[in-house]
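Coming up, as structure tokens: structure 1 and structure 2, two forms of one and the same protein chain.
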Structure 1
């Protein structure tokens, strides 16, 4: 269970978020500048909230009153960035190896890399460079990098934002498969109601730093309560039938 109740003053909005989730993948949807990516950064420890509390299972990650603020490497959180952040000059295997926590000795590190490569079925590409593999394979490598240290929770920050429509849905299928394989919980951030519909059962919509709707994705699409969500549905890329048939 992840619990988040934080406030952080940004340049033009006050981020004021309060939610908890035990979903397989919770959708966090909003326009650019709404505060969704900043929410992930606060959970990961990359940014520090002004006040509030963040708790993962029984561990307090941040508490302003108790002056607790765990380092990112101590939070057991895996963060998947928009561009996957693979090192282009390193092989797939090396990309994973450099991500292993330094607390492990050489033998432990090698075993962890071997296990993750086998788990995500990327043995056949372990000696290839990132530019020699497909987008779906790149995503598997990026996920391998963040789960090699055994995180308890994953943060997925608009991983399809730079992709064209056809590739986006193929990569979305791949990500959905990976999440099931590794049996982890996650928050998925996006501006697309379609992506949320495909990957998530429930979602929170935020605007200008605050939650404006929270519901099952089906109900958000079928009966949106705010004009912002109505517009998201109206201008979505695919019909529900299209997504159901993916």
Structure 2
């Protein structure tokens, strides 16, 4: 269970978000600059809200009244960045090694690395540098890094937008099954209603820092209440049949 109720003044908008989720993957849709990425950064502890509170399961991550503000290192939240943010001076393997949860000793941690490299099928690229592998492979490494860190919750920040259309759905399919396998709840941020349809049951639509619609994805698509969502659906080249067949 993740509870988020935060306010933060940004350059030109006031971010004012309030939601609770226990979904497998909750969708957060909005145009660029709507505040959706900032919301994730606040949850991860990278940015500090002006006020409010954030709770994960029974842990308070942030509470402006009680002056609680856990460091990102202590929040146990995995963050998948849009450009994957792999450490460019480290090999694929080293990227994963440094991310293994610190509770494991050396031998256990080596085993974790081995397991995840096999699970995600990246053995052949383990000695390469991040700039030598494809976008899809980079995402796999980024996911591997998060999994060995064993977070309690995942934040997915437009993870497919750096991939070309051809790859996008394959990678989405892969990510969906991985999330299911590791059994972690997640928030998925995107501007694509198609991706939300594929990955999420429910979604929140954000515009200019505020929630404008919240519903099951099916209802959002069939019966959009706001013009913004109507436009989103209209221009999405929507073929639910194709997505269902993935």
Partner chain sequence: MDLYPLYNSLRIALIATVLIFFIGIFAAYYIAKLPGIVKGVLDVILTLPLVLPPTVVGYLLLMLLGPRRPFGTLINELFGIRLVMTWWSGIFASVVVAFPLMYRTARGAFESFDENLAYAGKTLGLSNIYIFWNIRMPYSAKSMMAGIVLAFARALGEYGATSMVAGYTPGKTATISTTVYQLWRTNDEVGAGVWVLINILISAVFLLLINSNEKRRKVKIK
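Residue numbers count along the first chain shown, from 1. Quick caveat: nothing in here was measured; it's all calculated off a predicted structure. In this text, rigid core is short for the largest set of C-alphas that superpose within 1.5 Å between two forms.
Matching each structure to its source, the form predicted on its own turns out to be structure 1.
Hinge residue for the rigid-body motion between structure 1 and structure 2, chosen from 83, 211, 98, 119: 83. Of the two rigid parts, the smaller turns 21 degrees against the larger between structure 1 and structure 2, judged by C-alpha superposition. CA movement of residue 126 between structure 1 and structure 2 equals 3.1 Å, with the two forms superposed on the rigid core.
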